[in-house]
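Just one chain follows, in the form predicted alone, and it is written as structure tokens.
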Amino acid sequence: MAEIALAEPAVQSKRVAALRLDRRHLLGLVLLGPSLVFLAAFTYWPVVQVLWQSVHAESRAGNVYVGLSNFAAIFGDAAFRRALSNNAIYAVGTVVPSLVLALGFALSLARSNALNVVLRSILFLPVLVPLVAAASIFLFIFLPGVGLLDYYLARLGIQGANWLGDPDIALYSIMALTVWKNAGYYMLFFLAGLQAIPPESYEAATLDGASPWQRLRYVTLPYLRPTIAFVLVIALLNVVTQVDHIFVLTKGGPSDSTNLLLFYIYQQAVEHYDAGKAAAATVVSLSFLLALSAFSLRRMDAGADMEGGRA
């Protein structure tokens, strides 16, 4: 009987603790409620609608289930395949130079002094320019014969080119705009990542006689793995979701040489009134982004585990 009497207060305290925990969970759900509603309404529900539309086609009788016919149609479309290849080239040609430049800028300007603050601000200025305005600026720069680029090339005795009208170089001209626009933005993330590296790691590497290249390879880059993975996701999201400059500069031409996946989706939905093919192309794009995000999150976790093991 004495043991039962002693156990009753412990049971009551556990019940009180559980009740307090339930109230905290309820309060958390109440506070998260508005955000969950917006997330469901503007993220999950549109995704469900796109998935549903991708297996349907419009007809006089309404939306008719067609299975995977829309996917077969887009993969059989030469314009879609060209948009995919353009997007792959565009991704490599913008993400790699942007990240390399951003990391170089961050390493060069990591120290906090007046000059570096000014230089950081200058490099960040393109980020503040809206993409449509930036495209308008580059439209003036790329004008054949009278544009700013051809003007300075002519002063050097070099003949300019039709930067936006030649199918062989138009996409690369678009890439130049993208790199100019995004490198300063990615630099901020690398600057933040560099600030989180323990100075003791550099001191130990210096005492061991490591060269600057060795310190970069064996100290800086391993610590920056989570940052690189995070920035890579953002950069590839921009590759798939930014299309304003295509509207302003080329509208996908010439000869579909600058037609990217998002612009192809716009063409199918708005110009050709084919919501099924547009939805199927959107599903392909979403699948790529989800796979990329899962891979990058695993890399971020691996980098965090590595840092935790070192700590």
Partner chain sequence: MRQFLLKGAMATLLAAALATGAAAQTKTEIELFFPVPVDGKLARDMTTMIKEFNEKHPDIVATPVYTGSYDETLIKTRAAIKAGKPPAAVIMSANFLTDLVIEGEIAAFDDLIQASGKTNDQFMAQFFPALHANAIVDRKVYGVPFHNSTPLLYYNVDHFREAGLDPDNPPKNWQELIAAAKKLTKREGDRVTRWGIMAPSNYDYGGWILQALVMSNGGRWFNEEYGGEVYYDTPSMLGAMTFWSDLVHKHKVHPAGEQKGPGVSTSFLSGQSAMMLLSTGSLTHIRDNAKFPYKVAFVPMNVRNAVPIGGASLVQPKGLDEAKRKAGWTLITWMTAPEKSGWWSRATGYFAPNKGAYELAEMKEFLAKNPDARIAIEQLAYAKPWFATYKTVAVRKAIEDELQAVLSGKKQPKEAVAAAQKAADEILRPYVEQTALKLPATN
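Nothing here was measured: the structure is a model prediction, and the numbers come from that model. Residue numbers count along the first chain shown, from 1.
Heads up, the form predicted together with its partner chain isn't pictured, but that's what we're talking about next.
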* Is there a heavy atom of Ser112 lying 4.5 Å or less from a heavy atom of its partner chain in the predicted bound form? -> no
* To do: Answer yes if any heavy atom of Tyr273 is within 4.5 Å of a heavy atom of its partner chain in the predicted bound form; otherwise answer no.
  => yes
* Asked: Does the 4.5 Å heavy atom contact test between Val132 and its partner chain in the predicted bound form come out positive?
  -> yes
* Would Thr43 count as a contact of its partner chain in the predicted bound form, using a 4.5 angstroms cut-off between non-hydrogen atoms? -> no
* Structure fact -> In contact with its partner chain in the predicted bound form (heavy atoms, 4.5 Å), from 63-71, 32-40, 278-286, 246-254, is stretch 246-254
* The single option of Asn162, Asn87, Thr227, Asn238 touching its partner chain in the predicted bound form, heavy atom within 4.5 Å -> Asn162
* To do: Could you tell me which one of Ile122, Leu207, Ala78, Val146 places a heavy atom within 4.5 Å of its partner chain in the predicted bound form?
  => Val146
